[in-house]
Structures are given as structure tokens and as C-alpha cells.
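Encoded as C-alpha cells, the following chain is the form predicted alone, with no partner shown.
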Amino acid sequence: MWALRGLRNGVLTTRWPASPDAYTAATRGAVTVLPGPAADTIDGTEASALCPAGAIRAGLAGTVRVDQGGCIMCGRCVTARPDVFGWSAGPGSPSLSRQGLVVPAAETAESLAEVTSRLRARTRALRRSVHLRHVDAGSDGSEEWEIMALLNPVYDIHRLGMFFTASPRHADILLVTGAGARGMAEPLRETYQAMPDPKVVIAVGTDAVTGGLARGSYATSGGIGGILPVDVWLPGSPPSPFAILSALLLAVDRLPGQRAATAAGHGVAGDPR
């Protein structure tokens, strides 16, 4: 019966990134600022009221920016001001710099190129066999479900030559989730120090990037950036499996069209719900 069901369903494993996958475009990303004059009407008071995580900033001369690294994707701002805010296109927007998560873009192409070049030089040795170590540094568990999904038949991370390992001594990439609980600071450092060079650290999810709603809590360090040197910042609450795959491929310079996407900036899509 199972053999017949398998023949009837066919191959379910995504062919992304070798081939396009319609689901990647339909996945809702973090909030972004829509082009147009309506953004000039947002002041500091309204910005604070629109975002419980404090990810919206209103500056002088009507400049409004969204820190996607702090966005918890609640959608409150999109619902209240659809003329100003919308959803990013695609599964997520991993960035090689923390400033790169602030939209509209606040970093220069030159600084981004420099960061990209340095990471590419470090990870040149990581080809088709990459081992991953995951550490929970105070997560609510949502990111862990998405990471576990990478092992199912749909995403099948092994097809990309990526494998999870139980030992940091065998790991090339460290995936860190959670808001950076103070009790996990030393275990994180020990894990990082045990990894061989070259090694890459990816902050997975809004909590790992900024601390999320726990930012400012006595129990957290407001993300993992103050504990470890982060190479790839991945927003999302939680980020989808496709977004995590994007971050992994970006880390080892295997993300298709990354240079063009970096130059073009973040796209905007409607709410797919």
C-alpha cells in the first residue's frame, strides 16, 4: 500500500534552489516599508504604538524604517497602515550584516560587498559537505520546529550536502536560536571555541537577532550578537524552512542570485493569507 501511495504522490521533495519553487514566493516574510509619500505621516508616537517589539522607527523629515531583525511578524502595522507597510516577498531575507536588516536599506553597497568578500574568503573550503550544529539559547521552541522540518522529505537538507552533527568539533556552521539567555552564554562560547576553522555562526529568528519581545529582560542578552560573532542574520518569528535554507546557502556562497538580490534590495508582496 505504501509503495502504491508513493507512486501516486510522486516526488514531493522540493528542487529549490536548483529550480524555482512556487511556495518560496508565496511565503510571507518580514514587514517592509512601501514606497510612496504616505510614510511621511508616521511620527514617533504612532510608530511606537504600531509595533509591540519596537521594530518601527520614525526619524526626521518623515523617514520611517523597519528593523526586520526585531519584527515578530504580528502584522499589526500592516493592518493599521496598509498604505505604509507591507510584507516582504519570499521566505526571508538573511543578511550578512546586522544593519542590512533595516529597511529601506541603510547600508552602502560598498560595505555589503566588503562583508560578502570576507565571508566568501573564509568559507571557500566549505564545498559540498557541510556539517551543522544547533544550539538553543533560550528559544520558545518555534524555530526548532522549522529546523526539524529541514530533515523531512519535502526539504531534505541532505540533498544539499548538509548534515547535522552532535559534536561541535565536527561542525562547520553553528545555528543558534533563542534570545540569548544569560545562562547559555558560556555554553555558546564553549561550543563556538570547540568548532574547527573556518566556522560560521547564523542567528536564526528574531529572538536570536534582537531578543524579540524578551529584549531588555534581565534573563537575556538581547540576542546572541553580544555573545558570539554572527556571520548571517536571519529574521523571522519563526523563519520558514526555506528561509533557513537561504541563510545556510548564503553562508557558504551557494545562494542563487544573491548578488543581484543584494543590489536590488527587498521586494514587496501582498499578504498570502
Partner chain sequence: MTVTRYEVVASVEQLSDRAAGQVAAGARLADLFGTARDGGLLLTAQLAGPASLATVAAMLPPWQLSYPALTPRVGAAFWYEREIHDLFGVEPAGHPRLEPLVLPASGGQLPRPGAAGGPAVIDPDPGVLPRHTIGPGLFTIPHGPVRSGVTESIEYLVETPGEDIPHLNMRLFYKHRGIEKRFEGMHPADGVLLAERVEGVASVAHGLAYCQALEALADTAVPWRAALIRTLHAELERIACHLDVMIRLADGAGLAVATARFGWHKERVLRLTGQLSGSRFGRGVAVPGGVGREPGLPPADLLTAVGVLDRELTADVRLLLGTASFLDRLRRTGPLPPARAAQHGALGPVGRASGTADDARESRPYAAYQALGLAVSARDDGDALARLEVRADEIGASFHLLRQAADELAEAGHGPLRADWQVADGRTVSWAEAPHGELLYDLRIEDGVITRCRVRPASFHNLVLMHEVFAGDILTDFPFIEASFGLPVAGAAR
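Small disclaimer: the values here were computed from a predicted structure and weren't measured. Positions refer to the first chain, counted from 1.
Just so it is clear, the following notes concern the form predicted in complex with the partner chain, a form of the same protein that is not shown.
Residues with any non-hydrogen atom within 4.5 angstroms of the partner chain in the model of the complex fall in just one of 93 to 101, 176 to 184, 196 to 204, 117 to 125: 176 to 184. Against the partner chain in the model of the complex, the set Trp16, Ser88 and Val232 makes no contact: no member has a heavy atom within 4.5 Å. Pro52 is the sole member of Gly36, Pro52, Gly44, Gly226 with a non-hydrogen atom lying within 4.5 angstroms of the partner chain in the model of the complex.
The partner is absent here; in the model of the complex, the one residue of Ala80, Cys74, Ala105, Ala113 having a heavy atom within 4.5 Å of the partner chain is Cys74. Of the heavy atoms in Asp140, some are within 4.5 Å of the partner chain in the model of the complex. Within 4.5 Å of some heavy atom of the partner chain in the model of the complex lies at least one heavy atom of Val135. Proximity of Ser129 to the partner chain in the model of the complex falls outside the 4.5 Å heavy atom cutoff. Residue contact with the partner chain in the model of the complex: Arg215 places a heavy atom within 4.5 Å of it. If you take 135 to 162 and check each residue for a heavy atom within 4.5 Å of the partner chain in the model of the complex, you get Val135, Asp136, Gly138, Ser139, Asp140, Gly141, Ser142, Glu144, Trp145, Glu146, Ile147, Met148, Ala149, Asn152, Pro153, Val154, Tyr155, in sequence order.
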